[in-house]
Ligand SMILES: O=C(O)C(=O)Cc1c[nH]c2ccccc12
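Okay, so here's just one chain, in structure tokens, the form predicted alone.
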Amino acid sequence: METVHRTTVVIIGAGPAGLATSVCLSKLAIANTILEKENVTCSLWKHRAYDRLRLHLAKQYCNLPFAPPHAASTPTFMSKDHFTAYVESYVSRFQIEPRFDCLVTRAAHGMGKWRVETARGEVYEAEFLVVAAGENGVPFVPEVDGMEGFGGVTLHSSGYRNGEEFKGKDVLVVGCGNSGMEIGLDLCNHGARASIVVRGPQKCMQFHVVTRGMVHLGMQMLKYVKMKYVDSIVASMASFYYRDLPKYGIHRPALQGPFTHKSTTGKTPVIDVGTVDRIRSGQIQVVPGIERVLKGTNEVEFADGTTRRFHAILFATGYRSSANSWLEVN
């Protein structure tokens, strides 16, 4: 006989979104249960984030529902330790009790209710289902010809903590989003020789590069000014400050500013925390897209035909949502 747990709402994921949803529902006296595949809340921040990670949004935009504002002593841009401590205090304040080690294997709707099954053999039935598992569930590593024969270290950014172990080594960072750019800087700070792939095999990359200060200013302005005007101001500032980036293969999207681009495509602008200056000084190299890894060697061939030897390849290529593997919808 299977064990069936019944509730009004099942929430999948005990990250900030899942926890906040639970508190909001509980305030309305709506029964809910959080299922979390890991053994902790906020597992992405605790288990898969590099040491120097900080929030790119100012603290006043990172409050969880019904919690008091952040203390004056809290840094404007919180470190991962500050943020995870804040989440833990939130869990304690509202006595949230997720069910840990509950890996969801199937969630389907039928006969007017949701049926959620877990790897432990438990079944949860509910009127409503909230998927708060996020878009960062499964590390994504693209296929690279010859990678299986690479003679050095390969690592996804989810397993990277700091650059100490790479001191004095040549490291290729694949991916030019926020993680890739910041990890490249961290490697450089730890004495590694970092190179970042910022161009694909066929075309240059297009994304916005801004500073934390520009984002902070834009967020403040959005309270009073339409997004298109905020975009115009912030994009003009970024265009002036980063006017030399095209020579490194980094081009700003021509049709949309950073805030509109984020709202329409979901693509977050790169928040520069010092990487660009290291690129300008030559301390961080910019390389074309990878063509292949030469079999049985540490040699990487790039799209322009050049080859270079690396001790490690680090993939800062993002994640994929896990929901497609267990969520059944028609």
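All residue numbers are counted from 1 along the displayed sequence. Just so it is clear, the structure is predicted and the values come from calculations on it, not from any experiment.
The discussion below concerns the form predicted together with the ligand, not included here.
If you superimpose the site C-alphas and bring the ligand over from its pose in the predicted complex, none of its atoms is within 2.4 angstroms of a backbone or C-beta atom of this form, and that means open.
With the partner removed from view, the residue among T154, Q256, T84, N178 that has a non-hydrogen atom within 4.5 Å of the ligand in the predicted complex turns out to be N178.
L57 is the sole member of L294, A67, A303, L57 with a non-hydrogen atom within 4.5 Å of the ligand in the predicted complex. The closest non-hydrogen atom of T268 lies within 4.5 Å of the ligand in the predicted complex.
At a distance threshold of 4.5 angstroms between non-hydrogen atoms, K262 is in contact with the ligand in the predicted complex. Remark: V215 counts among the residues lining the ligand in the predicted complex, judged by a heavy atom distance of 4.5 Å or less.
Heavy atoms within 4.5 Å of the ligand in the predicted complex belong, among the stretches 27 to 35, 49 to 57, 295 to 303, 277 to 285, to residues of 49 to 57.
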